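The data below hold one chain only, encoded as structure tokens and taken in the form predicted alone.
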């Protein structure tokens, strides 16, 4: 047997051990500290880890992982982790991810069941948010950043085609008018990265100042477009957001779609975090216009608890997307004429060639939840955010700094009667977050809104309940009083 081969008996024995490690990690997690910083000696050991001449036995490898890696996780699997937009991995997703690795089927093409499952799963995701499926192409990618980059690249392709030139051949090296992208000042940072990588440049990224509810104002967008046209520039794409990372704000999608349609601009909606909020009947009206978008970014590895990595991009015009990316080398010729039972390989629709078999874990989580399960989970998270907001509003020493639209809540500790002085209150929020995280009772981060530092909680754990909201408020107030004193 080769150095990497294992007998069936060994695979079964080691597999049982791995499953036990998974179960141990999940079992009783609520009773453990949320945040377990990596000790200094462990950090040094990992940074200096030598690559030995002789290989290790599988049990030695699992011993190392159990002793040196598993005790120091990021913490996102804990119900009281409310930092960033990170959900816990659903157990069925963890287990099926191992099966996907066993199959090792590349998601880019070839003749295997995973390629067809991908089509079904991306259709499910489109149907879930009410997005049209007839001409839409869906890809599962690493996350929202690549999903947004992909969509803006397709938007750029359409603009160039309409202008009568081949951007894939000419690039941006010629004397063409500057292409301009529009987004809110609350848009995700990957929008900026995308325009940089696509050669558009941040000089041609217009960040429209958000309104009092942290949304992009359609009137201000129209004014910016008119100003760029008057200056000889080429507006071509609007990036609206359905659930900003900072506050969960949802841009007025229908009104922005009107502007984009009137101006002939591509409308992309970054719904990586928040688009799934539309399944909650209480929040659904805010998503009016989502189905009008030319493309949408989603992250199943956020609100749906699919294990990382799993993002999704939906593009309404599949043929345009193929013209944006298709390059078929002779060794990957998918020459067979596509038909409903044999769709084109996904390598023609995105940048990535070899892709992880993400469809399996996504299918498993969605199949376990069903439509009703997704609706119930999202609605419960949104209701818990409202519960947290009510507790904050009822506390004399807490102050909410943004409307609560979906499952994100921004607030700060402000002693009763204290002036609105960022020089004092800002550092206090940072110290509260540090103290909370250090004690291990919760994990929360700070952000800045309109120049004010605040605590930001995002409720995304499938086991969250009102006790977690009460606990967060109690600990934040306790530490606020102690540190302010």
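As the structure is a computational prediction, the values presented were derived from the model and not from experiment. Numbering follows the first chain given and starts at 1.
There is also a form predicted in complex with a small molecule; it is not shown, and the following applies to it.
Heavy atoms within 4.5 Å of the small molecule in the model of the complex map, among the stretches 388-396, 223-231, 298-306, 367-375, onto 298-306 alone.
The shortest heavy atom separation between residue 270 and the small molecule in the model of the complex is within 4.5 Å. In the model of the complex, at least one heavy atom of residue 145 sits within 4.5 Å of the small molecule. Proximity of residue 279 to the small molecule in the model of the complex falls outside the 4.5 Å heavy atom cutoff. In the model of the complex, the small molecule sits within 4.5 Å of a heavy atom of residue 243. Just one of 283, 360, 347, 85 comes within 4.5 Å of the small molecule in the model of the complex, counting any heavy atom, and that one is 85. Shown without its partner, this chain lists 188, 158, 115, 206 as candidates; in the model of the complex, only 188 has a non-hydrogen atom within 4.5 angstroms of the small molecule.
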